[in-house]
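In structure tokens, the next block holds one chain alone, the form predicted alone.
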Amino acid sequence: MPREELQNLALRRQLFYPTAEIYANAPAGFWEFGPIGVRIRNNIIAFWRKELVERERLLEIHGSVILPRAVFEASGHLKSFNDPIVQCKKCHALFRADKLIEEKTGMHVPESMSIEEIDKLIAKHNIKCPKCRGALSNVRLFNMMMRVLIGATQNQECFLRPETCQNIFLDFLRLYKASRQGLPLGIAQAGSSFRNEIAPKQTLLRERELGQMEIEIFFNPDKINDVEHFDEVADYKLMLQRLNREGIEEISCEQAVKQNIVSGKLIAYWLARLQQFYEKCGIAKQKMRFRELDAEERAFYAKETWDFEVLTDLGWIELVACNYRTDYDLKGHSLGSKKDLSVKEDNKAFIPHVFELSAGIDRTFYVVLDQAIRKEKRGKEERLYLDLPVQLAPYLVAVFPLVSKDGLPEKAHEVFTLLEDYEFFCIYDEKGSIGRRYARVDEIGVPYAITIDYDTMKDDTVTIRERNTMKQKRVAIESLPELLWKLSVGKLSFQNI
């Protein structure tokens, strides 16, 4: 589905739209989520929490978005969290140098490439300013951290966090001692991070304020293969795009470990759980991959990286960075804070290693919509709908009176109240024709619609309609709570009603 179709739907149905859009000088890279968008976004976070945090018995925190300078000195961000930029000598526009080269030549510029090497590529390919064709300056590094000055005298330098994981590393020792769980210990957090992107574009895919769902697994590196529930995923096949290999290979977790494709069972286990989560989010297995990154592409702290990507209308989009960060972070914060962050197991003290699954909330939101949007013709009519999984839909069910007279709205409100009492997420609408109301809820992905008609007034039955097939069944009002519950948890299919 073309991205214009998705963006038009997003604006028409208030899924997402630019921040401060009524002001001409509002900065790019910031986005608002409207009433329907925020429900879908919140459902994605809630589903991640249910599937990966609660089921895996991880600890969850909510950390501050502002952290002191010393944190980012220890983490390496003030030194290494940079993008290469160039400026037009004529119109003074700024651009990311690596992206200019990629757009002009199609070649990939790795993170580790020096600014001198990038300068040579710009000269070799005679790359000019895309806006005015002016000559470009030499490349320089631009740090993407957002600085904040704290206090009445603004004498304390802090920064908005560029990733949610730093809070987790800072809190590790406290949580490890209090939880009494031992290693491996998983800690999670969902929240905002901030990056001073040079040229935010492609809506939610490159933001200055971005949502992240972060999981950090702390473990003993000597016990990377001691994974309690590994047998549950041993035969499950990962979609792997390995270095220097053509195409995507389906490789079981067991084989990935035995062939040393991953560093150990713990890595394979969490890659499997993550892939299963996104399958449940409605993404086809054939459109996903874990792409292995080489040393030049990996982040400065990573020993092993698998980027989880999904194929969309825009190409492959990275949703999750899966990094084996070793002991880099805890060791850095131990040195920076002068606090001992080691733990003791089997009479041996060591700094735990970390495996990270850092998922973009807004990128996931965008890709879930991209994969769910459907356009089809039914006779002369064309309809657009979101084929969202039940757990991500903004509402489970819509309630409509067939017409807004003859007591039907009052009866519809009774049904609506009944379902609300059972804590189903419902939406009510009585304006416009029934066909238009169906179309409105189809567009935002509501799986089921209940219509109260004249027969309802006689026998207390209603029609229930399925979004995708548009088929309808007649059921008793008193059966609705149990019926909707079974539909919502997958214990009953619509065709078997």
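In this text, all values refer to a predicted model and were calculated from it rather than measured experimentally. Think of the rigid core as the biggest set of C-alphas that the two forms share within 1.5 Å after superposition. Heads up: residue numbers just count along the shown sequence, starting at 1.
Separately, the form predicted together with a further copy of the same chain exists; it is not shown, and the next lines address it.
Relative to a further copy of the same chain in the model of the complex, residues Ala26, Val71 and Ile150 are all within 4.5 Å by at least one heavy atom. The stretch in contact with a further copy of the same chain in the model of the complex, judged by heavy atoms within 4.5 Å, is 153 to 161, chosen from 153 to 161, 371 to 379, 102 to 110, 285 to 293. Screening Asp346, Glu423, Glu410, Asp231 for any heavy atom within 4.5 Å of a further copy of the same chain in the model of the complex leaves a single hit, Glu423. Taking non-hydrogen atoms only, Asn167 approaches a further copy of the same chain to within 4.5 angstroms in the model of the complex. In the model of the complex, Leu314 stays away from a further copy of the same chain, with no heavy atom inside 4.5 Å.
Contact check for Ile450: every heavy atom lies farther than 4.5 Å from a further copy of the same chain in the model of the complex. When contacts are judged by a 4.5 Å heavy atom cut-off, Ile434 does not count as touching a further copy of the same chain in the model of the complex. Residues Pro481, Glu482, Trp485 are the members of 454 to 487 with a non-hydrogen atom no more than 4.5 angstroms from a further copy of the same chain in the model of the complex. The Cα position of Ala20 differs by less than 2 Å between the shown form and the other one after fitting on the rigid core.
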